[in-house]
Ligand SMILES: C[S@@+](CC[C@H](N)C(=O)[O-])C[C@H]1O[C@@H](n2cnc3c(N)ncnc32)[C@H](O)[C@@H]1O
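Quick heads-up: it's one chain on its own, the form predicted alone, in structure tokens.
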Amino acid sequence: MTVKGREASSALRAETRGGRQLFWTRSLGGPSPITGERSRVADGAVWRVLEPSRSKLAAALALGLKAPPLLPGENVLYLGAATGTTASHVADLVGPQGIVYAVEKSPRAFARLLASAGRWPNLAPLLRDVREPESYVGLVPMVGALYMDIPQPDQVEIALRNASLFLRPGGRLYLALKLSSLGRARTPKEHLEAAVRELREHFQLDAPIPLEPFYRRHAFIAGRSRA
């Protein structure tokens, strides 16, 4: 199986079923503990489904994101980990030699994130505010990738501030941008254009990927930091 023109990594597979594209990650945490998430055993491993309707990362893959977006052995800073559903799939992708530093502010969501970390030993939850990245300097090293999914008006600024502290030169940014959270002064298209202009000062960007029909008024932005 292939993912958008490139060979799938050993931890990521894709298939088309009933006209729907699904992705599977090889689980480090055994059968899925996520409610409603399917898993199966194949080739001596447990695989967990990553559905476009439940994960913006999967939606971006289905709509054209080049794969594999995250590499085995890579350290990742994940901003806005929530309860850890997609973060645990990212942990699957980087494998046992990589670490996902998962930052979440909400204590309620963080409790469920901690439960996931009990099954994924390479998932490191941090109860911190992503607007205050200085509070986790010393806890997070330089990383090869930054993934962010935070529906806030200052999403771009949060991403840039964290990238300046933690993303190594040439590292990759993956930003699930919620356009409707950026305010009403501009249209979603204008917000996306403004975000791309600002990010291009620091990153070499791929073309942004609108996430409809899976997520309304969302776009996925991927790029590589300038050396």
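None of these values were measured; they are calculated from a predicted model. Sequential numbering from 1, following the sequence displayed.
What comes next is about the form predicted in complex with the ligand, which does not appear here.
K.L.:
Of these, 145, 156, 150, 94, which has a heavy atom no more than 4.5 Å from the ligand in the predicted bound form?
P.N.:
If I apply the 4.5 Å criterion carefully, the residue I get is 150.
K.L.:
Counting any heavy atom within 4.5 Å as contact, can you tell me which stretch out of 67-75, 117-125, 80-88, 137-145 lines the ligand in the predicted bound form?
P.N.:
Of the options, only 80-88 has residues within 4.5 Å of the partner.
K.L.:
May I ask you to check whether residue 112 falls inside a 4.5 Å heavy atom distance of the ligand in the predicted bound form?
P.N.:
The answer is no: residue 112 has no heavy atom within 4.5 Å of the ligand.
K.L.:
According to a 4.5 angstroms non-hydrogen atom cut-off, is residue 56 in contact with the ligand in the predicted bound form?
P.N.:
Close contact exists here: in the predicted bound form, residue 56 approaches the ligand to within 4.5 Å, heavy atoms only.
K.L.:
Output the sequence-ordered list of residues from 175-210 with at least one heavy atom within 4.5 Å of the ligand in the predicted bound form.
P.N.:
Counting only heavy atoms within 4.5 Å of the ligand in the predicted bound form, no residue of 175-210 makes contact.
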